[in-house]
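Just one chain is shown here, as structure tokens, and it is the form predicted on its own.
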């Protein structure tokens, strides 16, 4: 039976299939006027006609936008994954200033589109393309292990898994992207050296995963067939997309053109050329980057930019990634004393953006005693690791990358405190294990509880969230026994009262093997309860 590992990436999505002992990258096809185009990646892109509602995904979206450009009602969304961060704050694409800050002006026109529907449509198109590849029997289920960033917030995890399932994938398991790469590396070393996994010495791998839109770092402890994430962190808005825009900005500075003066089609075409020029650096022999604006209808003289000047511009962008990796390694060492920054620690560079020679140089300079390995599979390492997991050859355990909890009132409602339910570093259950469970009992001081969920990377001295705060959906809990559990209320309906103080309330939190959390709200005196998926408004 064939099984899949899928890396849903910011720029491209990659699927690896395991069938009868062989791992193969799925090839995607699109028919064009010039013939059939075959690619081993499925662009994470969507083209929408806002007037008719018609949508194109993947190769078709990328090809049609490149050929025709946007019509008066067309919107092109080239990096869908970057917009999942806003799911819990309205379920829609980021808009206005926030969209422009994230490098996608088109998103400002997409407020009427639900992110979950767009993602499901994209994944249905991906499923169709996988089946059309002929690499899997049409009658077989799409048994899949999917990946997400180690630093993905809970809402991203929830919506990604939900949409994969609604698109027809049988999601067997999930894991974070750096862990998948660590599994791929360990499997490669084992196969290359002829070493049995049982004979391999326990070791740690620090994964530096710099992709198209996100940066992730994890330290994974490997012992035989078992992989345990010791610590994770990341930067959700750092990746190749940002480096492309930086290079384009440098070209525009030389042209003396403003970004606002470009049409969407011209800007996208220039970004593609900037990306193409950036990718020539990987070989280590290119010394300058060239762009001829006449090729794009711009009345400017051709210019070239020294690679060293480009590197100087992006060094400040990479420094936070190095600092994050160092913090993650220190956190892992606190949990496992055998983790040391020496020759016994391997730093594995993965992701398409890790091909820039500057990345390896900066990591090597920051960790001079560690063994730094640049993957030979920058675009497929994650999907390959996921496919290995799909074969049930290994077991793995992830951890919470952030603190998860909710704001509660204290001092008779005069101040707030962050009640941490699952602290950062808490191990997540393995597949097949019982969900992680936490209970909170208390005596209500209001008629209705307003439960405001969020996650963060740190807590300040005042006991409140501090650092990379992400809000989830608010939940209202009727303490008044007259009100049914599903009664629709708002914050304006909440009134302080001691009338229900003798009716204890209970919240039961459960985290499954995918890191997805639900809360069961209980009123023991009424013997009723309700389970709430925290991400859903």
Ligand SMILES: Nc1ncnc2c1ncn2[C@@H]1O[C@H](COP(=O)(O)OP(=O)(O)OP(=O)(O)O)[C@@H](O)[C@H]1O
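Residue numbers count along the first chain shown, from 1. As the structure is a computational prediction, the values presented were derived from the model and not from experiment.
What follows is about the form predicted together with the ligand, which we do not show.
A.B. asks: Residue-level question: is residue 348 within 4.5 Å of the ligand in the predicted bound form, judged on heavy atoms?
C.D. replies: It does not: once the ligand is placed as it appears in the predicted bound form, residue 348 has no heavy atom within 4.5 Å of it.
A.B. asks: When the contact criterion is heavy atoms within 4.5 Å, does residue 177 count as touching the ligand in the predicted bound form?
C.D. replies: Contact with the ligand, yes.
A.B. asks: Would residue 162 count as touching the ligand in the predicted bound form under a 4.5 Å heavy atom rule?
C.D. replies: Taking the distances in the predicted bound form, the answer for residue 162 is no, it never comes within 4.5 Å of the ligand.
A.B. asks: With a cut-off of 4.5 Å between heavy atoms, is residue 378 one of the residues that contacts the ligand in the predicted bound form?
C.D. replies: Residue 378 belongs to the contact set for the ligand.
A.B. asks: Counting only heavy atoms and a 4.5 Å cutoff, which of 415 to 423, 312 to 320, 461 to 469, 350 to 358 contacts the ligand in the predicted bound form?
C.D. replies: After filtering at 4.5 Å, what remains is 350 to 358.
A.B. asks: Between 212, 444, 405, 233, only one gets a heavy atom within 4.5 angstroms of the ligand in the predicted bound form; which residue is that?
C.D. replies: By the 4.5 Å criterion, the partner-contacting residue is 212.
A.B. asks: Within 4.5 Å of the ligand in the predicted bound form - does that hold for a heavy atom of every one of 28, 129 and 140?
C.D. replies: Not a single listed residue reaches the ligand in the predicted bound form, so no.
A.B. asks: Scan 423 to 461 and write down, in order along the chain, each residue with a heavy atom lying within 4.5 Å of the ligand in the predicted bound form.
C.D. replies: Nothing in this stretch is in contact.
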